[in-house]
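Okay, so here's just one chain, in structure tokens, the form predicted alone.
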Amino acid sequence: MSTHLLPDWNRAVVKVGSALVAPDDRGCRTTHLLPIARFIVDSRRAGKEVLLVSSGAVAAGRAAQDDRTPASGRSIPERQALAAVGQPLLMEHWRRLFDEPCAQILLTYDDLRRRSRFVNAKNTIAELLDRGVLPIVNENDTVAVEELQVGDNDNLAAYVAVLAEADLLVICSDVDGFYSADPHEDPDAERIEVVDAITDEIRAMAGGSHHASATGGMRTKLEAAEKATDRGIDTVLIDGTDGDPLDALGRGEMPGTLFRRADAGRRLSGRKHWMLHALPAEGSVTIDDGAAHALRERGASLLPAGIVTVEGAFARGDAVRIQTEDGSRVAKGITQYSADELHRIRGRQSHDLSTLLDRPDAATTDYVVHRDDLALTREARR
């Protein structure tokens, strides 16, 4: 057991994956869910607020339909149909474990990337919590298509934690923390008790998922932890197959791996977090070292003179990734120029724009990305 203590919290999101909901890949089981439910109930009785993000709809649908086709052999419509069958069964499964009102929330990536829908979801969650209702969240797999999917409930849970303004994200897995290598494959892998920042070195340690019904793995858990900690939300990864870690968590102990939240001076505002983590990038621009320094150290806007190359086919108002020539991520921002226009003005001074572009506002819009529409990555905020 770790000697670290769990940071104080008042509102948590608990994520439970398919490997725990459907351990035999044949339908919902209570095998691992009773200790999780007990932790949630005890926390709520102690005056804390909890939201639950649960996988398992497709597995429940498969069991109900006696469908034994492997996951790799199912088409998108088949998976959507199984999710439609299984989602009410999953909700009923959880309802039996809670003697309190529950609410079902089904989200898609479209609800997260569109700012107005993002805010609407946020308001709904706030109202449910005010009413003392336990929100149970899942991705709306019945309508989500591949290009508009969150794709895994680790990242969905991080988005929900941001929507709910939580201060803790608990990811229940079938491993007892984050390891230096996949412990299922490497007997010498060592558990890391505390991760202060998710760096390229940390990312390199993550492997894939080994469970048949799971869609994530350690990579998606790191992605979720990065999203949550960027917004000031501590994230813990624990073994959800055993009741002891959950009991320890309830006592304020830290039985798995703690991903520490970003310091107050480095965490992102709500809008910039949405921009960096939810708004999809339609292309990228590579900048020189001088421009990177200006963005990182001075909080400057991105000017055309600092742009070296442009990739993608994006329009004015789209989000673009901003990176250095060695591939290091610097920021994401909303561009004031299309890709075609940037090809023409990259490397040029701002006073040249009106002669290079046939656009009336080119003389006044001398920046490519305004600093208010630019969100630095955590690496760039260090």
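Counting begins at 1, following the sequence as shown. Given the structure is predicted, the values throughout are model-derived calculations rather than measurements.
In what follows, reference is made to the form predicted in complex with ligand GLU, a form of this protein that is not presented.
key: Residue (of D141, E223, D167, D239) lying close to ligand GLU in the model of the complex, criterion heavy atoms within 4.5 Å   = That would be D141.
task = Mind telling me which stretch in 295-303, 189-197, 131-139, 176-184 gets its heavy atoms within 4.5 Å of ligand GLU in the model of the complex?
result = Heavy-atom contact with the partner occurs in 131-139.
key: Exercise: T335 in contact with ligand GLU in the model of the complex, heavy atom 4.5 Å   = Outside the cut-off, so no.
ask   = Would T235 sit within 4.5 Å of ligand GLU in the model of the complex, counting heavy atoms only?
value = Contact with ligand GLU, no.
Ligand GLU contact at D152 in the model of the complex, heavy atom, 4.5 Å = Close contact exists here: in the model of the complex, D152 approaches ligand GLU to within 4.5 Å, heavy atoms only.
query = Is there a non-hydrogen atom of A57 within 4.5 angstroms of a non-hydrogen atom of ligand GLU in the model of the complex?
reply = Contact check for A57: yes, within 4.5 Å of ligand GLU in the model of the complex.
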